[in-house]
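Only one chain comes next, encoded as structure tokens, the form predicted alone.
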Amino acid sequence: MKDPLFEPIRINRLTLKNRIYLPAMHLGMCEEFLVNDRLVAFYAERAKGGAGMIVVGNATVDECSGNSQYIGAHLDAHLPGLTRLAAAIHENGAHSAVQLNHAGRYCHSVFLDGRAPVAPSAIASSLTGEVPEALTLEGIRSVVASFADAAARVKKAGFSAVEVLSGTGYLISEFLSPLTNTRDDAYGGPLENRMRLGLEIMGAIRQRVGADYPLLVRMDNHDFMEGGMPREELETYAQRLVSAGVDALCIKGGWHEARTPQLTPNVPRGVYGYLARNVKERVSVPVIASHRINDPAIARELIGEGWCDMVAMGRSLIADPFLPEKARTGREREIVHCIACAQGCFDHLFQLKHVECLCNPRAGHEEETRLVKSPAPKKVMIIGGGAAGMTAALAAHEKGHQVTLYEKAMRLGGQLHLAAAPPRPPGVSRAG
């Protein structure tokens, strides 16, 4: 019986070897917008691990669209690093894309040399507390042109595709939502006007990259914002994107300001798959499901039930880059699962640190922790089978040593078993 997770799929004229999609995540690894060794090593490892498509980013389209820890795509000076990154991904077996984004009012003025961020209207974000400047018509035209220019650089650098972020509370979704768009011109008011910026950006990109180059969009099917966009409007927008030449849609939910949890352990695995299903029922292009899909069994179920065509596994592949290959070769018991703690990935970004992982100490340190086989393997004895002992045993084994691990208890894991046991609610017996 064929595994739906490892069936090939076409996006435009691009054929992907499987249905596993590493979505763009801000990693905080760049310096002055430039790709560096750390970033290249991070994505090369995930390409080796077997993902079908790796999306890097998000990437800037102009000097006001993000801070200098983002991947830069707004200048020709960024091309050498982008080219190197695309090559590293392709050489290790995966296809690649760059996600372009303008952060809009989510930008902080401190990262813009004191300039105010821009948005459709001068409405402060609860995330930053800053009041943005409303874009002029000339400014809107400049943003559209900047997206097209950046997409052309992505193609020139050798990436397999380009993706645009049209959700999460960033600039394009700020134009879409009546919460953040109170304009009274051609870009505000009814849905037809609020969709205009996103559709113009897709049209401009399609004109620059040509008909055969895959263009994808990552968008919300629910913004989880009180008074935000109805899902019906977002589904209409999805249909219009496809009519404008978009080849696939990666569906997510929630703005950064939303109070609905999206990444944390209290979110059931795969629970937001219905958002992708809502869109898939209305469009003819491949649809990718997102959020808390950190196990191959859930991924297979979502694809097998027809809720989506691919699955986005982001933090899952931070925790275990080789999840796809382990699933393909029947070694799913070996997968290191993301526990949704968000401590090393999401929390680090607010501290201006690069992404790391509580479950994978090599994440973000792939280059500096590269294991080389020992020229003189030895017998190694490790005493204590807790987290540290097991990690030491694995590292020694990977270097080629013959390892024996001793533990006085009847099972390995040490205090991990305490950490995995949730506290009992008041009044609930241990047996209950």
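From a predicted model like this one, the values you see are computed outputs, not experimental measurements. The first residue of the shown sequence is 1; numbering continues from there.
The next section is about a form of this same protein that is not shown, the form predicted in complex with a small molecule.
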Phe346 within 4.5 Å of the small molecule in the predicted bound form, heavy atoms: yes
The small molecule contact in the predicted bound form: Lys155, any heavy atom under 4.5 Å: no
Exercise: Pro117 in contact with the small molecule in the predicted bound form, heavy atom 4.5 Å: no
Touches the small molecule in the predicted bound form: Val144 (any heavy atom, 4.5 Å): no
Listed residue that, although the small molecule is not shown, lies within 4.5 Å of it in the predicted bound form (heavy atoms), from His291, Lys280, His222, His78: His291
Residue (of Ala276, Ala312, Leu234, Ala150) lying close to the small molecule in the predicted bound form, criterion heavy atoms within 4.5 Å: Ala312
Stretch from 376-384, 390-398, 60-68, 24-32 whose residues place a heavy atom within 4.5 Å of the small molecule in the predicted bound form: 24-32
